[in-house]
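Have a look below at one chain only, the form predicted on its own, in structure tokens format.
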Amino acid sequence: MHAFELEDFFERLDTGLSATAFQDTLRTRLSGTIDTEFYHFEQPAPGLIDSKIDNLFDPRLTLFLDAQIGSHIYFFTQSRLDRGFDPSDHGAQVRLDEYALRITPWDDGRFTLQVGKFGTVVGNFVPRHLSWDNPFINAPLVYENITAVSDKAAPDSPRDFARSFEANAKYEFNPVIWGPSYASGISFSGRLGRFDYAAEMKNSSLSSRPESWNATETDFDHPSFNARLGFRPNQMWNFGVSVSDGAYFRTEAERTLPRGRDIGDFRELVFGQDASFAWHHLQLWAEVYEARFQVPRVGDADTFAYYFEAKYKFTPQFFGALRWNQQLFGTVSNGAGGNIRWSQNLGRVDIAAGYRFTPHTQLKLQYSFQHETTGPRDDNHLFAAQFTVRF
């Protein structure tokens, strides 16, 4: 009885948060999710978790506003009330994470123009990264593993670069891709037969931190250019190739660069491949990335990262998921005639189970084991739970 009453409440709420005007030419809808997350881990905190304590409670309210004008103009926003873009023990804050205007001139979807602040077109993770769609609580390793590259200051020497990274000060450094990369810019995309394409110009690189994504914080003096070409041979398979080229330093790093050089001289170059498969109750995803950071006084710092992910629906309500991640790092000069690995190689396995009590409520449990395969070989065990209410 209570379940029927709850569903009736959500149906009435959905009706109350939707509106039409001008003979249904304008349609708007307000929706959202309430995520309650709990993490238990070992120090230093793994990935992009920013906490000095081992047990972290991280609630989040996300609101989406969608507006459709006719059949060719669409506008959307995403705003959040939480403790930080990434899980943290900081105080509450309110942000506008996404806002964009999308224009599709033709009904067949051959071309779409989008302007605003929105997730990157690179890869296949971003379209399913929100809590209701992601079978896991966190992102794949390549989207959250902090490396020795810093966007705030250039290293003084090869030796300084190889030894500069400190796990306790990891927010001074960057991953290859920072989450969904909600940078500001313009994109065009479309579908032509079995092919789909997307390209974008953004104000900051894939590795840039959330503070850099706002156009008021980072302008377009050194834009990033990203693109993806996809191929769908049938309804089950989807393949894609992505490329990215962008300057990764923030403005404050300019004073630390070699004399006569500027931010645009040092790039993050990324080449990616992705694939997905869906058949009955089984879904598979994979991404492979080769990335290069051009580091002042050091040279090219290369890394290779990939993951394989599977989700299986045992019943209409219960699913399980398994993901294997790995990131490997190349070597750079140590400044003394030898070479040194510029970050530690990592492997991580993620295991998750989820249960949808109703079309509006979902519980996920996850265990992750991360292992440094080089260096000090530090292990980290992560236990996480996430309860989501969607409205």
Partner chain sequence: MGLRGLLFFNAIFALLPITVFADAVVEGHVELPKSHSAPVMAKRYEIVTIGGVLSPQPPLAVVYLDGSFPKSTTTATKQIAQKDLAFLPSLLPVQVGTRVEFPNLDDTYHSIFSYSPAKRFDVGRYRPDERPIPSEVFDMPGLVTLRCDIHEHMRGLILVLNTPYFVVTNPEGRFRLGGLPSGHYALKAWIDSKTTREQPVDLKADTVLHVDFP
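None of these values were measured; they are calculated from a predicted model. Positions refer to the first chain, counted from 1.
The form predicted in complex with the partner chain exists for this protein as well; it is not shown, and the discussion that follows is about that form.
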remark   = Partner contact check in the predicted bound form: of 42-50, 321-329, 338-346, 356-364, the stretch with a heavy atom within 4.5 Å of the partner chain is 356-364
remark   = Answer key, the partner chain contact in the predicted bound form at 4.5 Å (heavy atoms) among Arg163, Arg297, Arg292, His72: the residue is His72
Proximity to the partner chain in the predicted bound form, single hit among Phe304, Tyr197, Phe271, Phe225 (heavy atom within 4.5 Å) = Tyr197
Contact flag, Ser131 vs the partner chain in the predicted bound form, heavy atom cut 4.5 Å = no
task = Using a 4.5 Å heavy atom cut-off, state whether Arg255 contacts the partner chain in the predicted bound form.
result = no
request  = Consider Ser31 of the chain shown here, and say whether it contacts the partner chain in the predicted bound form, taking contact as heavy atoms within 4.5 Å.
outcome  = yes
ask   = Phe249 near the partner chain in the predicted bound form, any heavy atom under 4.5 Å?
value = no
request  = For the three residues Arg95, Ser157 and Asp245, verify that every one has a non-hydrogen atom within 4.5 Å of the partner chain in the predicted bound form; reply yes or no.
outcome  = no
request  = Pull the contact list for 225-245: residues with a heavy atom within 4.5 Å of the partner chain in the predicted bound form, in sequence order.
outcome  = Arg228, Arg232, Gln235, Met236
